[in-house]
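Here you get one chain, nothing else, as structure tokens; it is the form predicted on its own.
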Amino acid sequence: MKNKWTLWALAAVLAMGFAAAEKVHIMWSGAITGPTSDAGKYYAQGIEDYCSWANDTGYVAGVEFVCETRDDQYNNANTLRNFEEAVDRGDPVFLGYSTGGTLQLKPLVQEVGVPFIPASYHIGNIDPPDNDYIFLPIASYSEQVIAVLEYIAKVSPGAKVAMAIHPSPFGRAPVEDAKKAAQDLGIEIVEVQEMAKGLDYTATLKRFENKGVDYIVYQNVAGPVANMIKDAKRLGLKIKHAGAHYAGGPDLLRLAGDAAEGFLWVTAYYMPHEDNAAAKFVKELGAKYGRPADTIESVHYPSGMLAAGIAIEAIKEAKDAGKKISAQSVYQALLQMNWPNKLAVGPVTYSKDDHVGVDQLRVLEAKNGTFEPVTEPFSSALFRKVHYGK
């Protein structure tokens, strides 16, 4: 009889241990198919793998993460439906994607009070009004473009610049700040051209050449950028090329080949070939979860990891503080976050008045098939001057 009671007690203790794991849902809504999906598919895989790593390592004691990546096809109506479903379920945080979808949801995010971490780095996402609950993972598109303009002004004083942008709120996001910055830098933005998908860019490039353009600065994803720079090489143009986070990286090198040589690129992430803990962590996770080389080398893979990591870190901090995991406790944890993450060139820090996570960026240049840094990590004082008047 004693042995039966001992076995029953042991079984009860084990059952209590298994039951103690709290399931926490995190949803991402983004473009796995459709426009910009060449970035979105890798971003989704980064989220999935970081969540799997957190579960496999027991990173947050007593919590099992249920992470769901939804393909919204870059359609704002689908994004809205996904967000409403996550809120109705009681998810403590939501991971978004597009600029248009994020701007559409701003008032609703504010109303329901659920922290929202987008893949869109548009500064307008966190500008007033309705800006309490949205948190950018890294420095904004505006700061990225201004950072590369600062570098261009340094190496080519008085340069003439054209901007080639995605035909969407994502593409247009940094344009006004870039124009203001160019005036301060003594360079000229002679044209802003929206890039229609799948076209021959010969006429556009010839027009840029006739206007004396020295640099084209891209705010787009890598596919259209690769097509334009290949056309420029085919035409024998001497125009140089540069771009913000989504425009470049190993994805661009894979698509454009040697036409990308000399491309200037701004991002907050380390490259997979670098000898540091960040690159090692990304490669280890990619190998662990069976990802192909294209995924592991894409900058969008660690970008997705960072978004998931910010959410999971906030949940961990809330739980470690003895709070019930909820949208409000995660929000309070985000406001106090100072996370020396394994993915970017600086820590993720937030406060009530600062909803930009990683404040630092680097300019890199494509050299012999890899992107090599040509600056140390820095933040742009000029961005704060032109956008905030500080």
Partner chain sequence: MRNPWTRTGNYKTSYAQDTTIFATYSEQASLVVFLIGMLVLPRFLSRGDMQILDLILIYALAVLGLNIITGYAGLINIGHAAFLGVGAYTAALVAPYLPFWLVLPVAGLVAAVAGAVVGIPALRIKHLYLAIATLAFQLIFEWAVGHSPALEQGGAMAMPRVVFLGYKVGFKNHHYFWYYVTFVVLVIMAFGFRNLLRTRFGRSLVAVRDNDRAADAMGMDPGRTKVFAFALGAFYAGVAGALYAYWSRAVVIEDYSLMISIKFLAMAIVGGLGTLVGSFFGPAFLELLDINMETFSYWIKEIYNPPGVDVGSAIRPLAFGLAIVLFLIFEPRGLANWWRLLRSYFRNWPFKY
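The model shown is predicted, which means the values in this text are computed figures rather than measured ones. Numbering follows the first chain given and starts at 1.
Separately, the form predicted together with its partner chain exists; it is not shown, and the next lines address it.
- The partner is absent here; in the predicted complex, the one residue of 227, 73, 156, 131 having a heavy atom within 4.5 Å of its partner chain is 73.
- This chain is drawn without its partner chain; in the predicted complex, the residue among 284, 258, 200, 88 with a heavy atom within 4.5 Å of it is 88.
- When its partner chain is considered in the predicted complex, residue 290 lines it closely, a heavy atom lying within 4.5 Å.
- Proximity of residue 235 to its partner chain in the predicted complex falls outside the 4.5 Å heavy atom cutoff.
- Taking non-hydrogen atoms only, residue 101 approaches its partner chain to within 4.5 angstroms in the predicted complex.
- Proximity of residue 107 to its partner chain in the predicted complex falls within the 4.5 Å heavy atom cutoff.
- Across the options 299 to 307, 274 to 282, 313 to 321, 111 to 119, residues that bring heavy atoms within 4.5 Å of its partner chain in the predicted complex belong to 111 to 119.
- For the partner-free chain shown, 32, 33 of 28 to 42 come within 4.5 angstroms of its partner chain in the predicted complex, judged by any non-hydrogen atom.
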